[in-house]
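Have a look below at one chain only, the form predicted on its own, in structure tokens format.
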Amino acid sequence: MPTVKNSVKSDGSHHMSPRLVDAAQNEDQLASLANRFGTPFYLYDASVIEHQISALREVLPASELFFSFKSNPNPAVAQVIRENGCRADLTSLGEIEAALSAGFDLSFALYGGPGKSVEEFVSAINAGVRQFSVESENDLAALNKASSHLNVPVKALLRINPKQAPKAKLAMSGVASQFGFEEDYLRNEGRELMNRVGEMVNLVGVHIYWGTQIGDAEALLNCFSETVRIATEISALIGFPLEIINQGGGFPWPYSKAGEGPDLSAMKEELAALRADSSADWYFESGRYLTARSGTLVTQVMDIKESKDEKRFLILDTGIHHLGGMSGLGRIPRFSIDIEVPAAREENDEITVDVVGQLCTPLDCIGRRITIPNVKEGDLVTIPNTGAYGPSASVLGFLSRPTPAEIVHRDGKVIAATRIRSGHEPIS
């Protein structure tokens, strides 16, 4: 059942934010896990993942739901998602290994991403993948060559980059992009492209991914409606059966801040009506929405340092190398994280701090001028909504610090504990 937990916002104010929490997240058990596995660690709640899958399915019409491994390739997390009926959305051979470890049947997976080589296609097909998103003429040629070489028939979806840009925090369509065929190119050159589809490749559908963190239900519905229109028109124009429409995703959820995503129920009826008019199978893909809420980053206060101009630094044993939020792409979550403090500290006088880690660079700052109750060295503090784009999206190799443990639990019982390997592997 949802319970209410007090948290501290990055602007210093307190609010009561509904979160799914259980006994495994009380302070005694966090301390026990810290003693067992060390800090920092990511704690993923399997029950919350299952709740998110059910919540998203409640809004979506009859369709297949794919888990985007790029959001969290932890095999134990992925296994929970597989056990709840999702398929695998993959973009690398490493993600294939993770999906196999999690028990996915790769014949139902979808493999995409730009710049795929013949060798990559061969490896994916040999692993069992039979369905691919094709992003360009070269991508199609490589898939033709790989499937012909192996004499294995495969299905392909044309990924399209539409003219129109979505209302999203990170647009991946409707702008100049490495993703997908340009919509105008397919209108003008699509029939010629069809002549280059090899005998082992069966072109069966369209894939459009508009962007990540699309703002609300109305914006999502507009994207999905436009996908149906474009897919229907392009397939008829260039002459292939529209058996599958991959609607992509973009379902929003907060990152490293307390709270929830917007109510998506407003699109349920109209989306169902749109689905009823379509004879194609529909795919949706999601990563952030399914996993973000499940994750809590648990970290230890190492020091509180006062510097010039009465400025204070809260030094944690985590930082941009663990909570990078795609920091290599300039998406360090500064100014926007929420810190949750131990209950015993909640009535303390407040302090304003810059939240930093242990790296030997002033860039290692994950929050500036955050106001929290005063904490002490050794306290465990937590950062919520960190189940997506955590360790694997961060610069783990920077300064060669240890990688954080990742712990999956259900009702307080640890299901799995792992750590991403780091360091240099000799090669010949």
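Start at 1 with the first residue shown and count on from there. Quantities reported herein were computed from a predicted structural model and do not represent experimental measurements.
Here the subject shifts to the form predicted in complex with a small molecule, a form of this protein not shown in this document.
Only one of these stretches, 355-363, 375-383, 64-72, 44-52, has heavy atoms within 4.5 Å of the small molecule in the model of the complex; which one is it?
That would be stretch 64-72.
Find out whether any non-hydrogen atom of Y209 is located within 4.5 angstroms of the small molecule in the model of the complex, and reply yes or no.
Heavy-atom contact with the small molecule at 4.5 Å: present for Y209.
With a cut-off of 4.5 Å between heavy atoms, is G287 one of the residues that contacts the small molecule in the model of the complex?
The answer is yes: G287 has a heavy atom within 4.5 Å of the small molecule.
Is the gap between D89 and the small molecule in the model of the complex 4.5 Å or less for some heavy atom pair?
Answer yes; at least one heavy atom of D89 falls within 4.5 Å of the small molecule in the model of the complex.
Given that the small molecule is not shown alongside this chain, does H321 nevertheless sit within 4.5 Å of it in the model of the complex, heavy atom to heavy atom?
So H321 does not count as contacting the small molecule.
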